[in-house]
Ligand code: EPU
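Only one chain is shown below, in structure tokens, and it's the form predicted alone.
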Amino acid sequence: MLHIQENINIGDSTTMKSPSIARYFFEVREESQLEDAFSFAEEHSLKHLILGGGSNIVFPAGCFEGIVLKISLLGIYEEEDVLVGLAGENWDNFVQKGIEVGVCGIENLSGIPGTVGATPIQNIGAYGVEVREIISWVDVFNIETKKVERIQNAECNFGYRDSFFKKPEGKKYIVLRVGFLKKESCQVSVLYKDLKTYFESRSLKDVIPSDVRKAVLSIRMNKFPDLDTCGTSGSFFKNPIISKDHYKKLQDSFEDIPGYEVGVEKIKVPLAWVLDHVCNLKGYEEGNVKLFEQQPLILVTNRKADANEIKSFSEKIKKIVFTKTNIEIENEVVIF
């Protein structure tokens, strides 16, 4: 029998801490429970929402009249050329294990809140590395067939903070476990500006993955808010990718605007720079929501803001950016 709870405050299960109630709530601790959980949802004609670590999601204000499934599948093991993490494993703990067994590049993704299961969905990235570079395959539960399937890296259609799992055809899958590539030897990636600065006094040939992890955690500590004292989902907006022509026009008005080539015709613009130097929005605050003083890409709350207030605030920020730069920015965080 499934122990399904009713009228649960699910806001406390997210890092944003936005108040929200789930009509039904079930914590999935065994893979076999998924089939029964969805049978329950179908029997009662319920919509469902999936919860992992709660670091990239804002649940609806008021009550969600459906079932929230928290994926708490735990386990880490090695299998031939991959390190496998079950979906509910804490991501940063998995990073530490990955460094120990030779998952090259995973050290750059240290300190990111959330679970292993969320990483392929979001294609998380930081400090010059995206998770798509180290994922081999993803095992998923197909809601429609109630079967487990394996999706290879190339089938995930990874993009910037994007994947197949975010598309309509991918919504029928729930991530169960992820296999990450192991290698016998690793070459660290420290080309990202903050890392280059951190290691500028050292010979890079002496830098090992554990050194990079230490550096990333130190940098993040100085840039990111304390999850114990405020509500936040980390970087709230995506860095915009615009055309080279658009970028050149912006340079005419803001000659110092940084940009990084993406492919042949596109430029990625650091949104934090735009929010700070163009829009003067660093630390901007309204009601229970503000942009973090140390890093305006991050939206923080006093844990009282619900989804409606957060959405309203973020939409205002988008309009200001568009008015100043003609850039349309997108949320990285999912708001229901």
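Since we're looking at a predicted model, the values are computed, not measured. Numbers follow the displayed sequence, beginning with 1.
Beyond what is shown, the protein has a form predicted in complex with the ligand; the following relates to that form.
Residue-level contact is defined here as any heavy atom of the residue lying within 4.5 Å of the ligand in the predicted bound form; does residue 162 satisfy this criterion? No, residue 162 sits far enough from the ligand in the predicted bound form that none of its heavy atoms falls within 4.5 Å.
Taking heavy atoms and a 4.5 Å cut-off, does residue 127 contact the ligand in the predicted bound form? Residue 127: yes, in contact with the ligand in the predicted bound form.
So in the predicted bound form, does residue 296 come within 4.5 Å of the ligand, heavy atom to heavy atom? Output for residue 296 is yes: heavy atoms within 4.5 Å of the ligand.
Would residue 272 sit within 4.5 Å of the ligand in the predicted bound form, counting heavy atoms only? Result yes; residue 272 sits at the interface with the ligand in the predicted bound form.
Could you tell me which of 172-180, 85-93, 190-198, 141-149 sits within 4.5 Å of the ligand in the predicted bound form, going by non-hydrogen atoms? Single hit among the candidates: 190-198.
Listed residue that, although the ligand is not shown, lies within 4.5 Å of it in the predicted bound form (heavy atoms), from 166, 249, 220, 97: Of the listed residues, the single hit is 220.
Of the residues 309, 31, 276, 36, which one places a heavy atom within 4.5 Å of the ligand in the predicted bound form? If I apply the 4.5 Å criterion carefully, the residue I get is 276.
Does anything in 219-239 come within 4.5 Å of the ligand in the predicted bound form by heavy atoms, and if so which residues, in order? The stretch touches the partner through 220, 223, 224, 233, 234, 235, 237, 238, 239.
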